[in-house]
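Just the one chain here, the form predicted on its own, laid out as structure tokens.
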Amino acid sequence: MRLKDKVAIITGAGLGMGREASVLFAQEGAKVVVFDLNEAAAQETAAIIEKNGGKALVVAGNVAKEADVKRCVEEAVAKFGKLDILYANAGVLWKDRDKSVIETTEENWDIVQAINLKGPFFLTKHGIPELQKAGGGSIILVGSISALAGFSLAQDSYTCAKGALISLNKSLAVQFGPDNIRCNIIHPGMVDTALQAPYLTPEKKKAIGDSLPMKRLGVARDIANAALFLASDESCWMTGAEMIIDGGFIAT
């Protein structure tokens, strides 16, 4: 019960790392607001939580639309009375459309920025005042190893959005630390999820896994476990930090 009596919003909670974190947070005592564009997937996540005895609220919406995120925060507080955790997990990975700056269209650039960068902006803009009312809380952003290293197979809009989150992480940590609000960022490496599935053949999975010191791709639980630590009071003196969870990629 590491999150007993805490209320968490998790964006992109319908599938993958978001679903894994939602189920884990609920198992540890949190009431979870499952926010996702895919309402059916969000309902499935909530059903898993409730089947295991947890409490969940489904809010369908687009993180790239401020009105949807504001509504999510309002519904969360109306349902559970407060907010303690903001987990900006939602993101988009478009390897077929988000490429080098010389290949990416303005429209595709803007969509990737809206989901990966404006989404966390909207969540923190409307969520932080509720954390202040609650006497503090934890903000968890999701970056990427793409923000820490260059790749010949470029995804420049995605990389720029994730890099910007590093700066936002530090700014929020400094601004709101006096309010007992912590902000930290997780940088996942290659994680075997539905988001990556279109780009990962069995041969690619093996090749990538073999190239890493840990000799495997990540799984959603690897990231959810880190998020659980950041959401819990165990990380109460940790803010403005970056957690790299990549099987050793950055170390090579």
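These numbers were taken from a predicted model, which means no experiment stands behind them. Counting begins at 1, following the sequence as shown.
Not on display, but discussed next: the form predicted together with a small molecule.
Checked against the small molecule in the model of the complex, the candidates I140, I115, I181, A161 yield a single residue with a heavy atom inside 4.5 Å, and that residue is I115. A single residue from the set A226, I208, L57, L37 has any heavy atom within 4.5 angstroms of the small molecule in the model of the complex; that residue is L37. Within this chain, A90 lines the site of the small molecule in the model of the complex, having a heavy atom no more than 4.5 Å away. Although the partner is absent here, V63 lies within 4.5 Å of the small molecule in the model of the complex, judged by heavy atoms. At least one heavy atom of S144 is located within 4.5 Å of the small molecule in the model of the complex. Shown alone here, L24 lies farther than 4.5 Å from the small molecule in the model of the complex, counting heavy atoms only. The stretch from 25-33, 208-216, 49-57, 185-193 that comes within 4.5 Å of the small molecule in the model of the complex, counting heavy atoms only, is 185-193.
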